[in-house]
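The chain below stands alone and is given as structure tokens, in the form predicted on its own.
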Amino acid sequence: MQDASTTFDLAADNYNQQLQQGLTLSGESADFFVQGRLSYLAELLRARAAEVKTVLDFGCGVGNAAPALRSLLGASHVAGLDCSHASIQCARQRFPESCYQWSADSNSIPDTSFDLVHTSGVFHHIPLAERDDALSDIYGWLRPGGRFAFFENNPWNPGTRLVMSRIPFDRDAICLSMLESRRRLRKAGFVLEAVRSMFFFPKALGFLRWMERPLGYSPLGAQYLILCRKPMKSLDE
């Protein structure tokens, strides 16, 4: 199995086409899922009066989430980090504005410098033995009291597995269950604040989507969000 940097270097030029190859089954575009994830996250952050000015998009790929991180969360600065140099180059070409910073070098990310770290569908590409180290890095990049929005594909949902099987760069990925993710996040030192499932119904069953928020407390959605916080030492320890 080739490593993630090679996989996504090869996929960078047609990443969105490969992604849509799987998402076609849902009847929706990739942007639908970006907007849905970040709209829900924005609600949870507002409920906690969390101010978000600086965001790190961990595993940013070609930058698909960057504009929504600014427009929906109100961030003034978004840094994108990815192991794929080709993907970073694409993101830099798509979004050259000074409010964005793109890097393939994790050493370029300063400690305690972000209000929020966002990641979506990234950890299932990280080898099992390296997942705790990645969470430790993220913990270090957050300021005390900063939050981590951890979105992942749900291996308990058969639709998710079918979609991933149709996406070339996702076929060999090893998904994380909610249980694994919660365990690893706690081990890294995070305080869990909210766990929600998302995306239960395809477009063909869109008339049922009013049920998705009540169903969010079940572990059956196509994706899930774990919102957690880096403790303020004076308050939480």
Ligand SMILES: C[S@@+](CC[C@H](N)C(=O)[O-])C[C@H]1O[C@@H](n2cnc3c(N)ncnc32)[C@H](O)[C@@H]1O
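From a predicted model like this one, the values you see are computed outputs, not experimental measurements. From 1 onward, residues are counted along the sequence shown.
What comes next is about the form predicted in complex with the named molecule, which does not appear here.
- Every residue of the trio Phe58, Asp82 and Ser120 has some heavy atom no more than 4.5 Å from the named molecule in the model of the complex.
- The named molecule in the model of the complex comes within 4.5 Å of no heavy atom belonging to Arg161.
- Interface membership of Leu72, defined by any non-hydrogen atom within 4.5 Å of the named molecule in the model of the complex, is ruled out.
- Within 4.5 Å of any heavy atom of the named molecule in the model of the complex lies no heavy atom of Leu142.
- Taking the partner from elsewhere, Ile126 is found to have a heavy atom lying within 4.5 Å of the named molecule in the model of the complex.
- The stretch among 201-209, 181-189, 44-52, 61-69 whose residues place heavy atoms within 4.5 Å of the named molecule in the model of the complex is 61-69.
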